[in-house]
Each structure stands twice: as structure tokens, then as C-alpha cells.
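Let us start with two forms of the same protein chain, each given on its own as C-alpha cells and named structure 1 and structure 2.
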Structure 1
Amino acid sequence: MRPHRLLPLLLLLSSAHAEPVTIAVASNFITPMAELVAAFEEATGQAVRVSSASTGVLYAAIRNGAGYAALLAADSERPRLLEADGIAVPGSRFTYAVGTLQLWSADPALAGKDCRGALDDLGNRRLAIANPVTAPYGAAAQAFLQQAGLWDQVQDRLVFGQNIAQTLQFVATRNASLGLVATSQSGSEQLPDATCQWAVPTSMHPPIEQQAVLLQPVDEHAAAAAFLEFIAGPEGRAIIRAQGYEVAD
């Protein structure tokens, strides 16, 4: 056999150790995840396949045997449950990003106005928040509105996004005048310019902790563990912070 005939075989063998590892990620983290994956692949040569859905859907899939090597959830509850159920590797759970809320509008009528002030007197304007029952950002939005003493008076003005991205969509298409959206998403260049915005103080709601866990029943532990280490490291943290999240120092 002439040497050049061996080349494809050698390439195949050398790539065998870098078989892609599949990691599940909450939909709200897709954009930072793409950057993290690109940086990780460049640094290690290890390919990462990303599977995304809402945290609830991913949780149900994992409970039913989906073979993800790790989960980057949008909350801390689901990773905690997976750990308690013995599905996640004990002690692997950590907070990789902390979300913050932004009061945001694209309504021309609010241009140059005080966004927080508009919340006190909504009139017939709609206020979009994520569903408090299903979305951590929604629970935080509810906590903030309660803390501010506004929860009862905004009741009949509220519309609920299924997740934080849909909440932003309601506001960006001006179907809702105002929305409590994720800071990480409201800065997107794809969106119309904000007519007013206000950063909700993190002291006014419980922290929106996004946690990750390593999952047990797969043989891809080493690669997945390396990825989680990477996002917890300085380079990963810098990428996550640049996307509008807070990260532990």
C-alpha cells in the first residue's frame, strides 16, 4: 500500500478521540453558547454538538434517557433536581451565569421618557413579562413588581411570554409597550432601538442563577467536564460577561 493511501485512514484515527460531545443548553443561552463553543473548540480541538430547548423540555428529555453529556440550564431548580435524583454527577453543579432584568421599550410614545415612571401609570399599555410559573426571568419580574408595590395594579395589563425571548419579541414588535426582558438579549443588534430602558436593580429580585451539571449515563465525561471547566474559567467567564450576564468573580 502506497503511503498516500494511508492518509485518510490516519486522519480518521486521529479524529476518533475528538468525537463530538453533545451538550444540552437552555434556549436563552444559545448566543453565548455559540461563542463559548467556538472558543473551546479552537483551544482544545474537541468538537461540541449543541442541543437546545427550554429547560423544562430538556429536563424531561434527560429524565427519559436523552444522552446529553452535560446540561446548561436556565435555572437552578432543574439541575438541583437532577442531582437529587442521581442523574447528575454529584458535586458537578455550579452557577455559570447570573441573569439581570431590563425594563425595555420600543414604543415611540415612550421615547425620551422615564421608563420606570411609565411603569407606575401604564394606562392602557401592555407590560410583557415571562411566565412566572415556567420561566426564571418571569419569577424575577414578578418578585420585582411585588417589591415595588406594583404587582396588583399591573395585573390586567400583563401579558406572558412563554420564555424570556418571546417576552422580548412582544415588546420589539410593539405589541406590548413595555417589557421586563433579559439584559443579555435586549442589547442585540437585530432589535429596533430602545425608546427607553432601565436596569432593574438586582437587589429587587432573587438572583436569576443559571446552573450547569455534568450528566451521568454517558461515556463523554472527560470532554464534557473539560467544557464545563472552560466556561467556569477566565476565558469562558469573560465571554459570558460580555453577553450581559453577571458571573462570579
Structure 2
Amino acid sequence: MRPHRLLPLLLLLSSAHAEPVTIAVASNFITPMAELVAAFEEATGQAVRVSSASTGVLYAAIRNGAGYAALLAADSERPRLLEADGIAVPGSRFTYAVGTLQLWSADPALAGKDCRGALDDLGNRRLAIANPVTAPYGAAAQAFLQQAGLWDQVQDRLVFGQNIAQTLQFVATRNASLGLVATSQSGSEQLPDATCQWAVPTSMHPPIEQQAVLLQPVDEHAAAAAFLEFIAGPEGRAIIRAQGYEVAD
């Protein structure tokens, strides 16, 4: 998809009272999605409904016939599979954001401490990560822990979130002392102050390349196509970048 196609797609949105279009979005992206939807609705009058869960859960729902018009995944693998299997529109897949991981804590006992050092010596503390099977950020967290030589060591201390949003909730409410969360989440004003944090080097896990794709059938999906064009355009990229993601120019 290319931003220069946005105008003809917007011309297909003939009414400000058109039926809402439903977009599936990975849970890590729910905050920027709200801002993107607001800007798109203001510009076009087209309502957008959002359904959020882990990418694995959304992928399974789509394969089972869920009526989403597009998917904003937290990885590139599921959109690629949907396209390969004819469930997504060929050529509509693109990378809209690249995520990063952060080790984060709100535990007062870790105030001023070395977060990375605390991970080496968890003791009785709990470490929260997203489910590696269904959540790409969880898979990245597992890959990091394995490369750091800590995976076997932390097995008994892990708390698994169903998605990256629940993982952050575990750490924010101190049900886990530490968590491997999306960097973009950690700047939320709704969170308690971090007592320690550490940026996980991107060299220590596979890239978290987040891709979007338009889903079949396409006959009533002009609004979804226009929304994907919007997030790929200058205004959409600026919103995504401001929320802590890496975005290709």
C-alpha cells in the first residue's frame, strides 16, 4: 500500500454516517490506535470499531471467520500466512511499526536499582512476559531470555499475560516485580512511576516488525483500505512515531 492512493479511497467513503468498519488490532497498539482512529474519523466521517487481543488470538478468530475488515498485527508472520492462504488481500500487507522491548518495574524494592541486575538475581520475585505462543512480544521476550542464558533460570518465576497489555498490568499492579513489556507502553501517564527500567537491545531478539493487512472479502472494505492508507501516510506515521515505535520514512 502507498499513501498516494489515499485520496481515491477516501472518495469512496460517500457518507459521514457509513456503517462502522471493524479493525482487529494487537493489544500493544491499542493506545496509538485510539489516536489514529480519532484523526481518521475526523478527516473522513467514517466510523471505525476496534477489536483488540493478542495477535495469535486475532489470527485464530480470523481463520474461523471473524468479520474483521483488516488486521494490525504485532508481527509479520500472521499477516503473511493470511495473505498466502488467500484470506488477506494480495499486496495489501505492509509494516506500519517496529516495536522494542523494555524491562520495567514499579516495585518500590527496586527503586534506584539496576533492573538488568535484578533480572540476573530474581530470588522470590516474579517476572511477567506475554504468552510466547500467541503474543509476538512474548516470543521476543523468550528469545531475549534464551540469548541472555536466563530462560531455564527464570522458568519457575514467570507469570504469563494473555497479551502484552495484561503483562504490563501484572507489573503495574505489582503482581510481578519485573516485566518485559513494549517500550511504547512504558510511557503511559496512567502507569505508576517506574522504579527501574532497562531497554532490551534489539540485537537480542528477532525484530518485532508489526504488519497490517486488508482482509477478504474486499467488496465492502473501501473504508478499511482507506484507514490502512491513512496510517501509512505522513499523519499516521507521525502519530505512531510519537507513541514510541520505530517507523520507516
Partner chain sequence: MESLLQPLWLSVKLAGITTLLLLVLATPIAWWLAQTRSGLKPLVQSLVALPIVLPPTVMGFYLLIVLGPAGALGSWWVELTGSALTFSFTGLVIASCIYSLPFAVQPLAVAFESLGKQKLEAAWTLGASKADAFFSVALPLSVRGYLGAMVLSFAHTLGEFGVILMVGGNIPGETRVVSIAIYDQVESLNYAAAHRLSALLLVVAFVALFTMFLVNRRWRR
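In this text, the rigid core denotes the largest set of C-alpha atoms whose superposition between the two forms falls within 1.5 Å. Please read these numbers as outputs of a predicted model, since none were measured by experiment. Residue positions are counted from 1 along structure 1's sequence.
Structures 1 and 2, same chain in two forms; the form predicted in complex with its partner chain is found in structure 1.
Domain motion between the two structures: the smaller of two rigid parts turns 15° against the larger, based on C-alpha superpositions. Its Cα shifted by 4.1 Å between the two structures, residue 53 is reported here after superposition on the rigid core.
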